[in-house]
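Take a look at this single chain in structure tokens; it is the form predicted alone.
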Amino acid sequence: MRIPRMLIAPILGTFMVTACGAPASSPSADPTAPSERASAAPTASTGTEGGTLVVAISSDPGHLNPAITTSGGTHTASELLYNGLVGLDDALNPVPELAESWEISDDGRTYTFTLRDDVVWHDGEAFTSEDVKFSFEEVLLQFHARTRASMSSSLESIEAPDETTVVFNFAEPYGPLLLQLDVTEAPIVAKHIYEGTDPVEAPANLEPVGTGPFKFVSYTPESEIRFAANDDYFRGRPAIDEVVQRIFPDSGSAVIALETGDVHWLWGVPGPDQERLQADDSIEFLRTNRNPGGANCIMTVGFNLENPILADVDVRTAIAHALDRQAFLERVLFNEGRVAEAPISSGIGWAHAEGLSLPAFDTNASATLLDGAGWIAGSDGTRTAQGVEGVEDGTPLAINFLHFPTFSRYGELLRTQLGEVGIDVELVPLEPPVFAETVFTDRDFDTNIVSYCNGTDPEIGVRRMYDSAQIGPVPFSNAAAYSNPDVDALFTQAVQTIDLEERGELYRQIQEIVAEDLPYFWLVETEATRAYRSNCSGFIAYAQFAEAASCATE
């Protein structure tokens, strides 16, 4: 295998350091539980082969095409079906997957990938470089919010000179590429399946064909999804015969199913249940800040800046002052994570800005700002408009808050806290596909909450939130419709900057500006606890989590 030239440090998104590096910082693991399993590629487990693995998922994904969305629900349900050009091990080092090797030009502008020649799609068709070219040009760069935001302005062309070679050509040196080619950031789809169709509406989204370790069998909406082992998988047939993903909207029911053995794997465990499950010898844990939908995630309140009420930065700042982030950490996450202190996650340590002056919890400051903005409290505490631009006098200060059903606790606490300063909040729970259309296509909302995963480089998961070019009907892009030419220019400058320290300073400038403009408010950085039956082994905490898993008879 050709070794990548030691030019670009993909973990840090800079040059002249090393081709594979560890992230600048990572969350500490609970000493009572194993962390993510590290490996260059999944290896076979020692458990008994065969059998069915039952997985609990929290919501119906709506479809099984992770290339057209960054929705965690869709990625959780579908990543076992697909592959990326490269994988990322637990230290975020790029490792071969569909590409067996790669080379990077001395100027950092050209990446040449040599593909495996033994990969076939689940329908028996051969995988080729044309599939990669098509996946990026016609699907990922159009519909995957993080890929679109980060690569579309820098990528000049993709070439497929032969069936096993793909060349990415960039206009300027581009550091983050190897970190955004795994199955979460860039799942490869089949050209012969999607060509000539609308990728968003294609029937294949409900009957998918991939290259991954498991093949699609059936999808019963609101009930279950079934996969079978891929006998022709290029890494070898998985030990598990079948994966059944059952939808449990109620997390308590999923925990009970794990305890009784009716479920073998949970993607998340509610905080109140963790202590009890830790005492159960039949259950094991994995802790991680990586999810099928992305890494380094921040639960983020988004404001619709096209709404005349929320167009006023003083109102947005008042809302931020009314929100007690520590309470969200304690009451919603049960201290599984940390209070967000900047727009970029602390998991990207070199780009994370410390010491920013985000609005602190202060209901008096909130009330003062609302009064000054023309939202005057009556004797009953209800606030109404008096001289607010674009709002009729006497209009009550009432906003809606859109959220996934699984985020209902965030909504309940937010409504309570904003009620303390006279803001009436209507909670609107929506399943992920409906949420995405309502927020990003119809723009029919006042506020919402999104788990914005920052990824491993700000270019991957942060730019999409603030770049004005990302305002539009792409799910989980610029929900606020935020536009600031200075911020746009700084993002462009940052991705073209070689020196890591200089690049970090540019991201600090971005964070200082958006912390003042406040198109969003950043509540908490999340971590996750996976739980599984102890008779099973070989899991990893993300992506193709069950590729090398097996379960012995209990």
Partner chain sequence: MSFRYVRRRLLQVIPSVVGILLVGFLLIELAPGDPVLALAGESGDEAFYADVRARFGLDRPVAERFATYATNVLRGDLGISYVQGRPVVDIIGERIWPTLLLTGVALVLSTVVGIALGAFAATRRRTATDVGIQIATLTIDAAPIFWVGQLAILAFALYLGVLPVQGMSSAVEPDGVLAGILDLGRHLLLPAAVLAIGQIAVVARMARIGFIEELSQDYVRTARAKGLAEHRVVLGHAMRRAVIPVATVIGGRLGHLVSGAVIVEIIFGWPGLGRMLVIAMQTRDMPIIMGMFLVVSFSVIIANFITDLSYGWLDPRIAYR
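Positions refer to the first chain, counted from 1. Just so it is clear, the model here is predicted, and its values are computed rather than measured.
Another form exists, predicted together with the partner chain; not displayed. Remarks below refer to it.
The partner is absent here; in the model of the complex, the one residue of Q326, T416, T441, S408 having a heavy atom within 4.5 Å of the partner chain is T441. For the candidate set P221, G390, P272, P396, a heavy atom within 4.5 Å of the partner chain in the model of the complex is found for exactly one residue, namely P221. At a distance of at most 4.5 angstroms from the partner chain in the model of the complex, none of the three residues A190, F234 and R290 contributes a non-hydrogen atom.
With the partner chain omitted here, the record of contacts in the model of the complex names 196-204 of 117-125, 408-416, 196-204, 341-349, defined by a heavy atom within 4.5 Å. Proximity of P475 to the partner chain in the model of the complex falls within the 4.5 Å heavy atom cutoff.
A residue is said to contact a partner when one of its heavy atoms sits within 4.5 Å of a partner heavy atom; P96 fails this definition for the partner chain in the model of the complex, lying far away. The partner chain in the model of the complex is approached by S451, whose closest heavy atom lies within 4.5 angstroms of it. Residue contact with the partner chain in the model of the complex: S253 places a heavy atom within 4.5 Å of it.
Along 433-447, a non-hydrogen atom within 4.5 Å of the partner chain in the model of the complex is carried by P433, V434, A436, E437, T441, in order along the sequence.
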